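Below you will find one chain, with nothing else, as structure tokens; this is the form predicted on its own, and questions on how it binds or moves follow later.
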Amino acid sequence: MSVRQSFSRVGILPRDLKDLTRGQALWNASVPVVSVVPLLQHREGDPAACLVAPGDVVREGMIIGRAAGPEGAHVHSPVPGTVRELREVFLPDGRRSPAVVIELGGEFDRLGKSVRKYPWENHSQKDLLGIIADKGVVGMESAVPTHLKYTIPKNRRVDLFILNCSECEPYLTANHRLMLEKAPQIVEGARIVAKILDPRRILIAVDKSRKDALDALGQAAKAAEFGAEIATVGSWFPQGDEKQMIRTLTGLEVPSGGEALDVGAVVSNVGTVFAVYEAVALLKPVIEKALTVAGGAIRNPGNLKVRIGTPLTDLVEECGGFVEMPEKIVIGGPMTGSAIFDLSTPVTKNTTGVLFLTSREIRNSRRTNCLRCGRCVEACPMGLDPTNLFKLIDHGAYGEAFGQGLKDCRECGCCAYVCPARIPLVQGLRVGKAVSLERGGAA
């Protein structure tokens, strides 16, 4: 076992706030009577091309949206039923997306039925990538189409594959539960990825405070005779970010504007590798995912397996309703997530959690002028100057901000977390980066 410490002198150590859900096993949320399935569930590119129309009958797992370009991902029906309508919805990140509204009805093809495992071991890398693409697998946090991430150019080589088991966002524990309850399946998913990538070295990186997950994955890897090393990492945030993970485990720095493959590494988190297992070994498309529902406003917080397209109103009901009205609703974790106001917002493939936060859990202090304290610079894991970038963006100097490293911002939220002036740094940098990239880095 390799023991590593977290990256040094950067990042933060927030309260983890995981006690309410850490010990709770995953449970299957009720299947929604009405599912709202967005056709844009990948990071970039156009929405999937809709393949159905109002009145059409769909089956569980049937493809309803075909990837419209090389950066897209297929979308499948999470339930059997009838297409009620096509409409536009807002996603948590502010983008608009066409969506298929499905009214539940008919027989399930998979739910409650035994499934024979698919003999994937003798298939080629190309075949396995084709299955992953066909089943609509994307990064369960990043929403990057997984078959694209695993397609390695002929002139490059993967030296290291990292199975990222660090769940450093406060409140979120769904991946921890996956590691405890589905360790053999996660290891088999990692074996599938290893066959595709053919890496020289494989590391399973687990937070050192999660000894139960460390033991479960270690035993599963040993039982499968999987030649991976188990490494422990620190609990600092954002340790789970792939660039920080690479730096922690190897000492290598991904170049500015670059990607993990530039240093010969590929990193995937637990949820994504589990989705790869289900896609390849069970031929199951991405129609559900594990997520955490937490926060002081929800009566029964927990970890749920939820159908894609489930409206948040259904999750509130599933978890016993509110004990008080939430002051803020966040999709994702409190550091990197997005605040929303509409409870009809549906669960998507990269929804890691839904937080219903009270006024006691959020900071409502008034924003003041920058104090020039430098805390945001000290906390930034990428070595940026967030307050200077924020000012450049505020004055419309997007090109200059881009030239000073804005493209390297991971939107982790460390800068805003430590800011005593309560300046919305990460929101400003996120907007500035989007505008700057849209303009090609030009002023």
Partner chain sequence: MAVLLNIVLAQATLTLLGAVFGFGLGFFPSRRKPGGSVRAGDILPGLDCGVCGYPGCSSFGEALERGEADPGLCAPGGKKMKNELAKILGIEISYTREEMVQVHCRGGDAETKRLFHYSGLDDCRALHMLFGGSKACRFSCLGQGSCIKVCPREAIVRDRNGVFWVDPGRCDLCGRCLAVCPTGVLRRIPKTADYFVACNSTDRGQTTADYCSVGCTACRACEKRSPEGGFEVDDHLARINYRRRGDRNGAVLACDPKCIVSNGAPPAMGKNAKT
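Positions refer to the first chain, counted from 1. Keep in mind it's a predicted model, so treat the numbers as computed, not measured.
FYI, the form predicted together with its partner chain isn't displayed, but the following is about it.
Residue-level contacts in the predicted bound form: of D93, D215, E324, E85, one residue has a heavy atom within 4.5 Å of its partner chain, and it is D93.
Listed residues L357, I192, L160, I340 were compared with its partner chain in the predicted bound form; I340 is the one with a heavy atom within 4.5 Å. Note that among 386-394, 27-35, 399-407, 60-68, the stretch whose heavy atoms approach its partner chain to within 4.5 Å in the predicted bound form is 386-394. Using a 4.5 angstroms threshold between heavy atoms, V435 counts as touching its partner chain in the predicted bound form. Its partner chain in the predicted bound form comes within 4.5 Å of a heavy atom belonging to G428. Remark: G23 does not count among the residues lining its partner chain in the predicted bound form, judged by a heavy atom distance of 4.5 Å or less. Contact check for R367: a heavy atom falls within 4.5 Å of its partner chain in the predicted bound form.
Residues of 142-162 placing a heavy atom within 4.5 Å of its partner chain in the predicted bound form: none.
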